[in-house]
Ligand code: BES
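Taking the form predicted alone, here's one chain by itself in structure tokens.
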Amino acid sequence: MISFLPRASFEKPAALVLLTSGQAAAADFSSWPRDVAAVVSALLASKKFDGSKGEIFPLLAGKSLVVLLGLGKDEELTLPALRVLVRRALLSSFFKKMADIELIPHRDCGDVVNALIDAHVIGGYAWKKYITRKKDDTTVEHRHLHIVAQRQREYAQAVAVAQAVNFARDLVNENADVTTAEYLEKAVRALVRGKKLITLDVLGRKELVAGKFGLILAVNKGSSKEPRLVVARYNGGRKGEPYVALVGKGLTFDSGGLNLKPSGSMETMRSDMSGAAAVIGTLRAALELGIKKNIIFAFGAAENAIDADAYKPGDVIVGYSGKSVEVGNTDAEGRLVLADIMAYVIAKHKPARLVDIATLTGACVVGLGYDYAGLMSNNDVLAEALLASAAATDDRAWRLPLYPELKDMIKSKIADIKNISNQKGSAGSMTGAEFLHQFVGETPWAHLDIAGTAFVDGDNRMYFGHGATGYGVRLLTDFIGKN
């Protein structure tokens, strides 16, 4: 929980004070309570704390524990570094059993306070549903952080977005046999229940068969679970205003199919629905913020499992668009699901712009690592808008090229198109995007490959702990709010 205070009071059991090295050298504590100001001033005068980056110094001032956190030189401090430093401090042993903490920022401005909100809400998140808790556990999610900041309404919106990020993370981190296509449908139904601005369309197996959604049905053939195509139409803008469409990949588990993934590559594949989770999280944020735009939130959910009916390498499948696809590899399944959904959304709703988000290719991890998503687009204006939102929210993205010759790399001798490149091991992210490109026609479209950014398989990465990161919720919420 987060609330905002008009000025530092130090009435809480603990306080975290952020200081750059310049502030430590010439700080003004005239607005602070005298006893606290005296203790902190004496420490700074002793030169035992100088605000160096990552420096932590605890003090007792009256009844409060006051922890000073050094941020280093102001001109060298970045917002991602601020998130990391504050997260580390809040998770330190000083605050382990503190349920109420007062946080005094080094500056009261939008970017800084939003970063502090991320550090607490996103940085403090941990998936512990299946861990037996001790009776004296003070969980971060039950901690109350009181931030000294003025623009409470603006910052409350940042809290709502950060909570939507964690909502998406919960969907991804849950067991794959729990987060099924039906489970995701129910999650959306719960979000939109009673909301007048939302119209929900859900296609199950029967409707998908009748509509000739051959690609998503093929991917799901080896599963005992039902697939879904879910489209939520959010009408927050003017009547008749065209839609912006957000489309997510929702592979609730990806074994690789008959092109089976090896050990070490399958264990985290419940995260292969991170694109759908990002779309659902963005829907939650849009509803919380009351965004005044017309938006389509869509995803296809399926499970790439194996049994006697599983689709096979070499199969030719006709999708919703009427294009035939040669299956070169059953582990290139996400693009098949997306192709059917995007073709459907474009044909039925004619969006002015469409953005898809997917854990699509391991090649994107090879090219960009784990901190940047790959962005590919057929429209420069759309791409630049997404890159601006990526920079503003720290959901980082880097644009990769699309060019005419890529189409030759996904040609098939027996079908209209092939789902993998003919040039083995080359340009995997871009050929995956080019495959999707073939299903959007003239619609301005962008593709976000989040294979590296969606999940942390380890202890920490930047200000995320182990598990899902909720990548895309902040970026897409910012994008639909501004464009």
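All residue numbers are counted from 1 along the displayed sequence. Bear in mind the structure is a predicted one, so any value in this text is a computation, not a measurement.
Heads up, the form predicted in complex with the named molecule isn't pictured, but that's what we're talking about next.
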inquiry  = Whether Ala176 contacts the named molecule in the predicted bound form should be assessed with a 4.5 Å heavy atom distance threshold; does it?
reply    = no
I'd like to know whether Asn329 contacts the named molecule in the predicted bound form, with contact meaning heavy atoms within 4.5 angstroms. yes
If we define contact as a non-hydrogen atom of the residue within 4.5 angstroms of the partner, is Asp340 a contact of the named molecule in the predicted bound form? no
*Applying a 4.5 Å heavy atom distance criterion, does Val165 contact the named molecule in the predicted bound form?*
no
Note: exactly one of Val40, Leu436, Ala451, Met430 sits with a heavy atom within 4.5 Å of the named molecule in the predicted bound form, namely Ala451
Checked Ile420, Val440, Leu65, Val456 for heavy atoms within 4.5 Å of the named molecule in the predicted bound form; positive is Ile420
Testing 385-393, 254-262, 285-293, 372-380 against the named molecule in the predicted bound form with a 4.5 Å heavy atom criterion leaves exactly one stretch, namely 254-262
